[in-house]
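Just one chain is shown here, as structure tokens, and it is the form predicted on its own.
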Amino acid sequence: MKKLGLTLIAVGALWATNSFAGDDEKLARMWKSKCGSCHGADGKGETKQGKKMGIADMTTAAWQKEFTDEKIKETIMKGISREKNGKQQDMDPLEKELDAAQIDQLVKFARSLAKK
């Protein structure tokens, strides 16, 4: 009976891990499709488009400190159109494409890019 209980716990843990891994994969795909062409998979902005627009490196402590979760969320929802350091920065608003939970996930993903 004890073996059965341990087996069920192990199976449950494995299922939960795979469930979260699936969520992480979905989030990575969403980041890649919505954000990656400018910000890059790693958030450093070292893409062709990111360099053209002078995208900031989201992995730095300075960026992470400057941008609150609310500011990141607002930028994702409302987009951006501005000139900064002599470069035009444009980002389409995503509030009609993504639901609130997806936007919150992107904020968390942006936070996860911080250098460790």
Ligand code: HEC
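Note that the coordinates shown come from a computational prediction; the quantities given were computed from them, not determined experimentally. A residue's number is simply how far along the shown sequence it sits, counting from 1.
Keep in mind the form predicted in complex with the ligand is missing from the figure; the text below concerns it.
In the predicted complex, the ligand sits beyond 4.5 Å of every heavy atom of residue 28. With a 4.5 Å cutoff on heavy atoms, residue 80 counts as touching the ligand in the predicted complex. Using a 4.5 Å cutoff between non-hydrogen atoms, residue 60 does not count as a contact of the ligand in the predicted complex. Using a 4.5 angstroms limit between non-hydrogen atoms, residue 64 is distant from the ligand in the predicted complex. In the predicted complex, the residues of 29-44 lying within 4.5 Å of the ligand by at least one heavy atom are, in order, 31, 34, 35, 37, 38, 39.
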